[in-house]
Each structure stands twice: as structure tokens, then as C-alpha cells.
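Starting off, we have a lone chain in the form predicted on its own, written out as C-alpha cells.
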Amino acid sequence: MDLVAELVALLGGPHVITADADQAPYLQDWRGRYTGRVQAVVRPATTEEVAAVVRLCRTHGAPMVPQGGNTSLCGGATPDDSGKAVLISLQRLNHIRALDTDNDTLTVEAGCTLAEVQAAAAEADRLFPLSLASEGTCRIGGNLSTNAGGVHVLRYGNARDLVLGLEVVLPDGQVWNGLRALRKDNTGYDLKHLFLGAEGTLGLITAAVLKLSPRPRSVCTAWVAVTDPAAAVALLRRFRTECGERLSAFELMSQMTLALVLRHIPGAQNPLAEIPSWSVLVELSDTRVDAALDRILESVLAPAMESGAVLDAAIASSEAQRLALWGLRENASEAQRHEGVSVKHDVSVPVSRIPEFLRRADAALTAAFPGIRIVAFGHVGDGNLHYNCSKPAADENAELLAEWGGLNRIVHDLAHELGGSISAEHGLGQLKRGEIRRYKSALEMDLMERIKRAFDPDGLMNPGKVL
């Protein structure tokens, strides 16, 4: 039997997709940059079926591409165009396996959407704090495979910090059951960290034990106009000093970014009288109902307004207003899509270097590419900036994309010079697998390649990604 026939025998015809039209949604990345071809798209429903699929693919020498919600921004879940691969969709592995409120853990399968995981935690009066704009469609397996960040890293950490244990199907079809729900387990190498952020190149995450936190009962959110990024960083320092762990989010948006959201997102409204040069979205939360967060927030903002660093502020007085403020930030990427393609950067630098990065990057790009438009926003609380470049007229972007390499070199070299990274939370995927070699040492690259060979000597697991 050929591979496709064996997969049909294993999973049943409805879960082995071979028709071009039915495969199409799986074969193009969210940004529309990459399109691939495969022998089949398969949809296993259990860990045992995933393992059996992997064993069949290995026997036939077929590359395997794991995919969750297909929301990768770097082509990490898109196959190449050889047509040799099998795409393994994990969407049917979508069960909540266990909830332990005393241990504050939730065991979930990889195909659960992030929103479903959040909802399962909320039903138990707990919080799973990972939060992304794509949480309704992205899957937790993909979130862990890319070590996703999001808007609450400042308080709760990246996806890596929210995982206690994993279940992984290895490239040879063996299943590693590392679903330990322990916060202390000092028994040698912590294997789970090899798979977190590996983008499916070392194995397929099929389930995870996630850490839960107490659910906030008081939340206060404000939209704040600041004079410049330096003022935003100074305000962040004051909030951290005065509020400690109550500070759960601190997001930065440029004037151009907010203008695009107001232009293209239905219902979006400017919370202030004018569009500021720079805006900050700040959120405080507390597990107490009577935390008086609005007074705490105002006490921090008042001296900043007196000094002139803060120009104006709007504090949400209802849940609807809070969600509207978050909508301005979370729709930044969607708004930019309406303006055509752009050259996107997902960089991080030490928080203290954010003003310098923005100042120097803006100056260098404006000099090198006259008329360039820069859309800057991101998680200033953890040093992660989404720094996107395009031309004001969509039909001019083809010319700018032709300069993609030189444009990236300016941005990435500067981030590296300032002690930063060229990929903060999106991963490397196909997009940056070559670029990363400029910034990692030969030894780092060799160590990564050794790990890849040790786990996947045949190079069949998500080939062409990361390395």
C-alpha cells in the first residue's frame, strides 16, 4: 500500500484530505506569504493516532508538518512546495483532560484553542493568563511550540513559564509522557524546554499541563497619551514601583498605528480628544473585589501629568469600555492588513533601550527609504516591539518588498547591537531561518543542529523551519 492508502486505513477517509480545494485552507500561512503542497492533510483524534501517523510517515520517508490553528506569522506551520510532506492537523485533539484546582493546573490537548483553555480555567474560577489577539483561532499546541508571548508577559511570563509538563510524539513515533504537574522536579535535564519554542522541529506536542493563577476580580484599564517612548518607559518604571504585580499589561502604540485602527476597524473610537504621538494601554488587576485600582492608577498618573510626561488619559468605567480600549491594541495587525503587505519585524531589546531603538531605527530607515511609513506597537513592558514598514500607497509596496533584505538588515542589526533579538515571540519559521545565522554564534548554531540531529536524524519533522 502507498502512504496515503495506509493513512486512510488508519484514520478513515474523512480525516485524510487529498482534494486540492479541501487542502487549500491548510496550505497557506495567515499572512499569505507562503503556500505549499502536500501528499495529504491528516486529522488524527488521539495521541495514539498521531504516533501511528508519524511511524507511517517515517517508514515512507515522508516529511511531516504539524499545524494547530495556522496562525503562524513566520510560515512555521506551512509546508514547502515539493508535495512530499504530510500535514498533521492537531485540531481534533481538543479535549480538556484534567483540572486540579488545589494544584492550580489544567491538562489540555494540543488542539484546544487558546480561548477554550482560558474558558476552562475561568469556569473553575481560575486564570490562564496567556492572551493573544488570535486566541479564538490559535491552538495551545502551536502557542507552546512557538513559546508565545502576548500582552501579559510582563506579569505572568511567556508560554514557557506557564507549562509544567508535556506529552510529545517524537520523530520516530514514540510517545514521551512528561505530563508531570510538579513545580519542583530536579531530576536531570528538563526535557520539556527542548520542545517549547522548537516549532515542531523536534516532535509534536499533543498535550500539556498548564499552570493556573487566581482570577482577578478587580481590573482597571486606561488609555494614556505620552510625549514620547522615553516618557512611556519612565511611566512603566513608576507603575512597577508603585503597583508591583498588580501591573498586568503595558502596551505602546504609535500615532500611525492608532490612526490605521481607527480608519479600518468598524466601531473603533479614539478614547481621547486627539490621536497622540504615542499611546500607552495600561492595565492593573487584583484578586480582591475592593482593590480601588482606579484610585491607585490615578495616583500614578497624576504626578506624570503634572510633569508633562503624560498629556491625557481615559480610564475605562465599564467592561464594555475596557474591551473597546483593548480592541484598539489587539486590532493593530488586522488594521494594517487593509493597507496592503508590509515588512514586519518582531524584535526585542532591553526595556531601557526601547527609546534609542525607535529613534535610531526611524532615522536610519527614513534616510535609506524615503517615504517609508513605520507602524510601531508592542509590549513595551517586556521589551517586545512590532516594528512594521510599508509605503502609504499599497501599490508602492512591491518596490519596498524588493528591498526586504536591506530593510531587515538595518532593523535587525540595530536590535542586535542593543542586546536584543530578531524574534521576540513569533519564532523563526521559514522567514528567519537564514537570518538568524547572522546573529547567533557558530557554537550556538552547532548546538542547535546537534539537538536536531539527536531527535530527528532523518530530518523529517517540520523540515526547513528554524534551521
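Just so it is clear, the model here is predicted, and its values are computed rather than measured. One rule holds for the numbers: they count along the sequence shown, beginning at 1.
As for the form predicted together with another copy of the chain, it is not shown, yet the points below apply to it.
- Each of Leu202, Gly244 and Arg295 is positioned with at least one heavy atom within 4.5 Å of another copy of the chain in the model of the complex.
- With the partner removed from view, the residue among Gly427, Pro44, Gly36, Gly69 that has a non-hydrogen atom within 4.5 Å of another copy of the chain in the model of the complex turns out to be Gly427.
- Proximity to another copy of the chain in the model of the complex, defined as a heavy atom within 4.5 Å, holds among Thr366, Thr101, Ser307, Ser317 only for Thr101.
- Note on the interface: of 333-341, 174-182, 358-366, 254-262, the segment with non-hydrogen atoms within 4.5 angstroms of another copy of the chain in the model of the complex is 174-182.
- In the model of the complex, at least one heavy atom of Ser352 sits within 4.5 Å of a heavy atom of another copy of the chain.
- Interface membership of His379, defined by any non-hydrogen atom within 4.5 Å of another copy of the chain in the model of the complex, is confirmed.
- When contacts are judged by a 4.5 Å heavy atom cut-off, Ile17 does not count as touching another copy of the chain in the model of the complex.
- Within this chain, Pro214 lines the site of another copy of the chain in the model of the complex, having a heavy atom no more than 4.5 Å away.
- Within 4.5 angstroms of another copy of the chain in the model of the complex, the stretch 176-197 places a non-hydrogen atom from each of Trp176, Arg180, Ala181, Leu182, Arg183, Lys184, Asp185, Asn186, Thr187, Gly188, Tyr189, Asp190, Leu191, His193, Leu194, Gly197, taken in sequence order.
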